[in-house]
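Just the one chain here, the form predicted on its own, laid out as structure tokens.
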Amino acid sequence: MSATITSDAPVSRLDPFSERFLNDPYPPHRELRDAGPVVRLERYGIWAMARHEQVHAALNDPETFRSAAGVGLADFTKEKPFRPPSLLLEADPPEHSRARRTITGVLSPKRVRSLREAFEREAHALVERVVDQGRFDAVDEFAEAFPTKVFPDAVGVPDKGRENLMAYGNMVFNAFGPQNEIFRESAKGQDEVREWIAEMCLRENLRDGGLGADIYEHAPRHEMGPDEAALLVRSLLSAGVDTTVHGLGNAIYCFATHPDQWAAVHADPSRARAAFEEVVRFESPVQTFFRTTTRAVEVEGVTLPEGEKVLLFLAAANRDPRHWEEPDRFDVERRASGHVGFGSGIHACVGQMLARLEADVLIGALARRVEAIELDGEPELKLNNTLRGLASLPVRVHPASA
């Protein structure tokens, strides 16, 4: 154990942004949960919560655990953000409320449902392509290929330059951690990427009828100008690709390493969406987010002073045995509702309906055509300070008999 108990709280020497931790986070997650409901991370002088009860409570108490000071290690009250803060992710009411109402109006259930036919068409085409190949990289040729096509299509982003979406998202999520080697590597050559992203957020570069154009249409209704609308489009572009790509890649990894669970989805493709929820719980694409205390607050007998950074381990909460039965077992029949893989409360992921739709149609299409998935090489992790996903996942698929 690297955690030791003080008179106030457990103190841990774990570094949640080290390569050792990121390569295999589950043992240290267990250590943090077992140490206590709130732990002091000595290396960074911050607090951490890894149990489901405390993580869920903090996410749902924005008056005490604010986001406007940044949802990363950097404290926006003490240092300049590396980019203009997100109006959704890095804001609190009332500013956040206006932005949230705008984006919620755009991503209405009816609007998301209207995308299903186009998403299904692309999903079937992609599945036929990889099934014909038999062997393929489930990250590059599948999990990445689908969201980087259907999502920017839905937003109304031009075709040219879409490769920048993954590079930008990777850098943004790395920036929520320290400026370590992982962040520095992802920040290389980002000037042109940021420039392209900024241009794609402008109304004149967004196709009519897309979600981006819809944001500009809805923004004035909530007293938001063009500059704020552009930031909302940026929020979609920065958070709507990488997380879904990692979620889909993690799904194929789970299915390949748990063939009995894939057999259940193959037998009933309508389980695809519920199976994806279990993937998000079991192999959470978003591992952590920060909050900052607005006042002195007591958590299970430990007092956190005002202005303190608190690291919420979403992935650790999603495997907390105090909340889940056999949490380290991947089970597509589990009721995974209550996981915090998409966050919770007013800052819950606004694009989660899109991610769920993409997963539903793609996994469902694959389940109808593929009887078995197996690894065809060694998976390669893609290290990120905030996300957990794969850089490469060679697989072989066996088509279902007619």
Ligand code: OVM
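Residue numbers here begin at 1 and follow the sequence given. Because the structure is predicted, anything quoted here is derived from the model rather than measured.
Here the subject shifts to the form predicted together with the named molecule, a form of this protein not shown in this document.
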{"property": "Segment that reaches the named molecule in the model of the complex - one of 265-273, 72-80, 172-180, 316-324, heavy atoms within 4.5 Å", "result": "172-180"}
{"property": "Contact flag, V299 vs the named molecule in the model of the complex, heavy atom cut 4.5 Å", "result": "no"}
{"property": "S86 within 4.5 Å of the named molecule in the model of the complex, heavy atoms", "result": "yes"}
{"property": "T293, heavy atom within 4.5 angstroms of the named molecule in the model of the complex", "result": "no"}
{"property": "The named molecule contact in the model of the complex: W196, any heavy atom under 4.5 Å", "result": "no"}
{"property": "One residue of Q261, S238, S186, N250 in contact with the named molecule, assessed in the model of the complex (non-hydrogen atom, 4.5 angstroms)", "result": "S238"}
{"property": "The unique member of F289, Y216, F119, F136 whose heavy atoms fall within 4.5 Å of the named molecule in the model of the complex", "result": "F289"}
